[in-house]
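Let's start with one chain on its own, the form predicted on its own, as structure tokens.
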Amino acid sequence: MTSIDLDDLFSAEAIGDPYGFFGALRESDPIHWNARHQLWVITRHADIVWMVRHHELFSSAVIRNDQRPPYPPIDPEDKERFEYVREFRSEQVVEQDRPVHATMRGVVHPFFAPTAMEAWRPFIANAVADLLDEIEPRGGMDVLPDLAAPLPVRVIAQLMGVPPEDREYLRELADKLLYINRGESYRMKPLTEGMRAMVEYVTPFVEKRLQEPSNDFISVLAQGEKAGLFDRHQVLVNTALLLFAGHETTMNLIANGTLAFARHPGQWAQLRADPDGLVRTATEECLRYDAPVKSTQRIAASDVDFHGRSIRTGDRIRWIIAAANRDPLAFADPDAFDITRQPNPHVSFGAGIHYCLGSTLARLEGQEIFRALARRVPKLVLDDPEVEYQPSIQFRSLKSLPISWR
């Protein structure tokens, strides 16, 4: 590690092995000023939990309050596209601070409450079964396009109340929205294309739900507009947020969890011996061991002296979930994949007022995938032990994952 540039957050080492890369920072400089991208990098579990819970000091309105150029740099001709992205994202609930955040979250929270989401388990289980009925006879699959990507889109389409025949189109839009925290210089073009197409697609559904509300997510947002708690733009961008956040995170949970099981056959055999009894703790360990989200960002709302370091108003701060979830001060044997691990205080869904709204839904999808695979597939064999990841600072996203079970 001594020869690695720890300021290069998009290096091959940081993308391929964030646990080694950020683990080195956690041990040597846990509150690290990154000169290249002008931000603080926080890697200890206790420090991240403290910061997440002090939302008054660390603002979520990053895209609105940070006027610096994006990092890594974008193509010069894409400055107008970046301004569109800034405007689009600034109205999403995840980019708000109190009191606006509390108002917006209050509208959508009942829809995502654990008891409400649990009612979707039969639909999710049936969707998983349908996908595996098609896949299982092949004796193998690429987990990403065959299972991890289509499941969340199928679920999100149902949550939104859109026709089943539009699922493939939604998946195409989701793929474009995934450029939001990637490192390619050209990323603004596909991203803005996805955002504009999503607004165009959703608008007629919102108009209809204002007059004929149903029990879907678009109706919830539309009624928020009717009550004066959302404007039309906020309804549209938060519908897009459901597609983006619900697709990427769940896709990564399924793919990264499957990879962990393939690399730990003893743990897979243990889950297969008792899928109903172990699937919940197994899913939590997948969330900890190789989390769907590697990091998240805030901006300092005031000056903070933290462990002897001076964080100043307007400073960017990036919390490294991957490092916190492997912190030996928070987890025994943190680099071990142990599906019976309890307690498991991972921070993969955050904490405090911004705790992930979709956490229950992601857990349900992960549980039903791993339960069904454990019942059907005796062994998971990697077709290629070498895997590649998308160049994202925020998401832990595999490019592909071919496996077989013959």
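In this text, residue numbers run from 1 along the sequence as written. Values in this document were obtained by computation on a predicted structure and should not be read as measured data.
Omitted from view is the form predicted in complex with a small molecule, to which the following refers.
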Using a 4.5 Å heavy atom cut-off, which residue among 300, 94, 278, 131 comes into contact with the small molecule in the predicted complex? 94
Only one of 234, 325, 250, 258 has a non-hydrogen atom within 4.5 angstroms of the small molecule in the predicted complex; which is it? 250
Considering only heavy atoms, tell me if residue 88 and the small molecule come within 4.5 Å of each other in the predicted complex. no
Residue 105 near the small molecule in the predicted complex, any heavy atom under 4.5 Å? yes
Answer yes if any heavy atom of residue 272 is within 4.5 Å of a heavy atom of the small molecule in the predicted complex; otherwise answer no. no
Is residue 221 close to the small molecule in the predicted complex, meaning a heavy atom pair under 4.5 Å apart or at it? no
Which of 70-78, 141-149, 305-313, 237-245 has heavy atoms within 4.5 Å of the small molecule in the predicted complex? 237-245
